[in-house]
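Just the one chain here, the form predicted alone, laid out as structure tokens.
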Amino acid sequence: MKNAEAAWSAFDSIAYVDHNYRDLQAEDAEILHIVRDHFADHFRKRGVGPVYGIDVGAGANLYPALSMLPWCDEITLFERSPANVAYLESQVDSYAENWDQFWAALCGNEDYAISCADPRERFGKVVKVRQGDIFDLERLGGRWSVGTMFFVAESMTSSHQEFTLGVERFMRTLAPGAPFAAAFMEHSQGYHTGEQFFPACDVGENEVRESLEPFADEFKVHRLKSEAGLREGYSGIILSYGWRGNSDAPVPIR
């Protein structure tokens, strides 16, 4: 099933949040620890100036935006599904209490702990929700100085070509040298939100590396073990993080 064939208007945001983010799972805690330190190390060394962040395919997940919160003058939550857009907009002014545990995990790094006396207030000031298709991001490319994409490129299609293009579109939104973090469900066979089934692309570490290599001069790929999976039909989580390259290598034709 290709991306355009999925019923994104029927995505059950409330069921998705309740199943995945009502409680902080061990996998998400590990991701937050790695990403917070990656971003904190980067921004501790950088100069002053406005920083614009983007979370591509935000869905109903706020923790990627929270991971960028101390560093950004503006964060764009870019999302296709109307239901997810409505959920995100409902969270901007005062996000739900379940997200406090995710912010607390980020505050294990003192740079986060001292950055925001009131993270809800700051979230409301800097976060903007924008509806759009990931494949249309090309015309907006290169303007963001930090970016995240969590469980998107492999969780929107069963097509490897669309997976690779989704990663490309994300990476091309970033300015040279911008830090990024992207997470992928490993060997996912698809998933449900409520009663609706959504497609997934079966990818592993090799596919993740190959999709990122043309656009990142330096990045790491870290596999997280999943002891008790949040969903059936996947084998683990792959987290990649690094920096947008200064130039693009040729993208291989498949």
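Predicted model, so just to flag it, every value in this text is computed and none were measured. Numbering starts at 1 and follows the sequence shown.
This next part talks about the form predicted together with a small molecule, which is not shown.
Exactly one listed residue, out of 132, 176, 141, 108, brings a non-hydrogen atom to within 4.5 Å of the small molecule in the model of the complex: 132. In the model of the complex, at least one heavy atom of residue 21 sits within 4.5 Å of a heavy atom of the small molecule. Interface residue remark: residue 70 is not counted as part of the site for the small molecule in the model of the complex, having no heavy atom within 4.5 Å.
The closest non-hydrogen atom of residue 75 lies beyond 4.5 Å of the small molecule in the model of the complex. The small molecule in the model of the complex comes within 4.5 Å of no heavy atom belonging to residue 215. From the list 36-44, 57-65, 217-225, 201-209, the contact stretch for the small molecule in the model of the complex under a 4.5 Å heavy atom rule is 57-65.
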